[in-house]
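Starting off, we have a lone chain in the form predicted on its own, written out as structure tokens.
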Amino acid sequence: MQNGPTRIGEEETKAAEVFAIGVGECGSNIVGSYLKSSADKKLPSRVRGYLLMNTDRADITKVRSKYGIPKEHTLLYGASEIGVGGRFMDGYNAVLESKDIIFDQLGNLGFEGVSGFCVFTSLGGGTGCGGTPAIIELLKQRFQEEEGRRIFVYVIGILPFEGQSSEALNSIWAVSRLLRAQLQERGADLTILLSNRTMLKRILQSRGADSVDYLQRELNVDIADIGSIEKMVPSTLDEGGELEARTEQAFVELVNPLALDVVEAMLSPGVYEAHKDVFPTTDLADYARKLDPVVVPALYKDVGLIPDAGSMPQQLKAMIDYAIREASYADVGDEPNAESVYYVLSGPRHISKAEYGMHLKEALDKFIAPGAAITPCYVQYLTKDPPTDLLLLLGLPKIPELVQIINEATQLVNLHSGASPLKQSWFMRSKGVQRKELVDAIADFRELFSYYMTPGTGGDQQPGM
């Protein structure tokens, strides 16, 4: 079945388009660094347009300058113009208070008529953590409640590095808020979790020549010792100063484009090309309808499958094993027990074909929970020697680092708990909410991910009352 625009008389029916929104410094950097790294300075073809939003004037100015972003694609909102720091509730309220200017800007960029939105954000910073749930509320209200039109919203959220307990606490609040809204059908349709620490590890282990050269040039360090580079990120982020800034920016340039690579891989089956067949037909809504609400992607590019070079079932098994263990964007361990899977296998006709579906299912069996649904999509290219790529979307897998994040958040809440008014005031001063809201968020997160919180994992820590 051909997927994409089809001609009916003189009219052309186009595949659904989406609009990209980057919220906060991280979300803006993802889109900006992708544009900078792409050969034609364009977003994926089904992304109609983009808007980068921030509460900090300096960050907006930096993004425009660094990535060559036109002013009309950026929006400064909120009352202070110096950002919200870690106060995610200020970030949340700033979006709601700026509703009119946000929709005016989106309207000027032609967002009317799109089928969905991809929201890129940090799950650690105040602007992103607070602003993302708020912008989703506004989008759902505008389209579904006021216009009666169904839209799909995907959040691509970046989990913080290890050892950043304040950002871990923000993450707990943001994820619990996103998922509760999702359960009420007023939130994002999919929350796609990516991990800074895992993506960094993937880059360093691959030791790609471009990455090595870039880090050596920017940081003036020996890249031969991968372990030392991994440890450098959280330690330098705690120290401050020039090295902190250079280290953080170096990894931003390497890690952030990966987030949009996943979105491009998700949207590409629906892009019409004369030399391409897609079956079954897939579109933006299919991912949300087939997958559980929390998703971890794995993207294995340029797979070396050779049908005439040995057992194809064994090659496919090795491909799946590598994708999940070495190419996932958050570490899911050896037994993720995913409750749903959507895979897109793209390549030449003799490789990307439904006949291999049985072998792919067998290869996935040890990584999924009993009874988990598997949805296939095959993209066949008729051109000579196209690359073979595999996108795996794992629905509701186990993500070991979530246990660490919740423990870091719990320890921080306990540290600032007690009878002293000075301790109690920390929550409002640093986060913009009372302590109870954060304790409730931790409890809610534990309920949502209760299957993680098993004895012996450390996930049984509780906030003090």
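All residue numbers refer to positions in the sequence shown, first residue = 1. Being a predicted model, the structure only gives us computed values, none of them experimental.
One more form of this protein should be noted, the form predicted in complex with a small molecule, which is absent from this view; the next part is about it.
For the residues 282, 256, 340, 98, the 4.5 Å heavy atom test against the small molecule in the predicted bound form is passed only by 256. Proximity to the small molecule in the predicted bound form, taken as a non-hydrogen atom within 4.5 angstroms, holds for one residue of 347, 395, 83, 187, which is 83. Residue contact check for residue 191: none of its heavy atoms lie within 4.5 Å of the small molecule in the predicted bound form. With a 4.5 Å cutoff on heavy atoms, residue 161 counts as touching the small molecule in the predicted bound form. Within 4.5 Å of any heavy atom of the small molecule in the predicted bound form lies no heavy atom of residue 74.
In the predicted bound form, the small molecule sits beyond 4.5 Å of every heavy atom of residue 409. Picking from 397-405, 47-55, 429-437, 412-420 the stretch near the small molecule in the predicted bound form, with a 4.5 Å limit on heavy atoms, gives 47-55.
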